[in-house]
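Heads up, the chain below is alone and in the form predicted on its own; it's given as structure tokens.
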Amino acid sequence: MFRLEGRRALITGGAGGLGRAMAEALAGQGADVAVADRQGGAAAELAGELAGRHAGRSFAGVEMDVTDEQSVADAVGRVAAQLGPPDVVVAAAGIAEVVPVEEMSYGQWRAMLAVHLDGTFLAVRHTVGPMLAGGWGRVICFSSVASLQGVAGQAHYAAGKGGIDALVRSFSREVADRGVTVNAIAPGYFESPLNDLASPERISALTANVPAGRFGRPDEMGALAVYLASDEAAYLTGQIISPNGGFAYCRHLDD
């Protein structure tokens, strides 16, 4: 079950902590993988590592700025030329910051929406055509527990993720009868570079409110991506799935 031989996956933000975990998990189940990242060198390095572990398979590392449509289109074209058109796309590129709304500039607001909401749309828009033509595809977007219950100091981040939720629910209805599923992973708190922004006190408070007693591991995220990319997930679409260790948001975390 959950084997991905013959599939071609494109992961945006693929050189980051969670992106790397998903690239490794998808490759481990047989998929050829293209790692796309604003840091082109890091993407190429990871692709090389994967190629070294999986002889005889195809991997690519490409530079992609998900806020620039031409950059996205060019990168997808390079991937298609090297591996073939992607039939699995994981839109995982993201940034984070903590800033109260009363201090937030319009530039900060726009930058957050550009990466998360615009970047997800562009990645999907420039990959889904061949999936629909071929009658099979998997679109995996990245939301967040922030969109489901809110996080103080991250209103722009939560708003972008909420837009992704709406995109997933709506777009999945457009393509459900053409062999393409569209879902989102809305993680709670995971071990990732984005959490380096938080103070030790905030990390401790967050962990105390996770019944599992810890942050999630990147490999656990990779396992979920593998399932969503598989044939076995053909009847699952339009869903926002939140692996979060039972996290329940508490008011004192806003302080």
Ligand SMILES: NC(=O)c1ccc[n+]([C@@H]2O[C@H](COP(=O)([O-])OP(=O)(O)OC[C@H]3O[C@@H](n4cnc5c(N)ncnc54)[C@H](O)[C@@H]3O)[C@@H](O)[C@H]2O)c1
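Model, not experiment: these values are computed from the prediction. Note that residue numbering follows the sequence shown and begins at 1.
A second form of this protein, the form predicted in complex with the named molecule, is not displayed here; the remarks below concern that form.
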Proximity of residue 161 to the named molecule in the predicted complex, heavy atoms at 4.5 Å: yes
Interface membership of residue 93, the named molecule in the predicted complex, 4.5 Å heavy atom rule: yes
Distance check, residue 127 to the named molecule in the predicted complex, heavy atom within 4.5 Å: no
Contact flag, residue 188 vs the named molecule in the predicted complex, heavy atom cut 4.5 Å: yes
Interface segment, criterion being heavy atoms within 4.5 Å of the named molecule in the predicted complex, picked from 97-105, 75-83, 110-118, 130-138: 110-118
Residues of stretch 124-155 in contact with the named molecule in the predicted complex (4.5 Å, non-hydrogen atom): 142, 143, 144
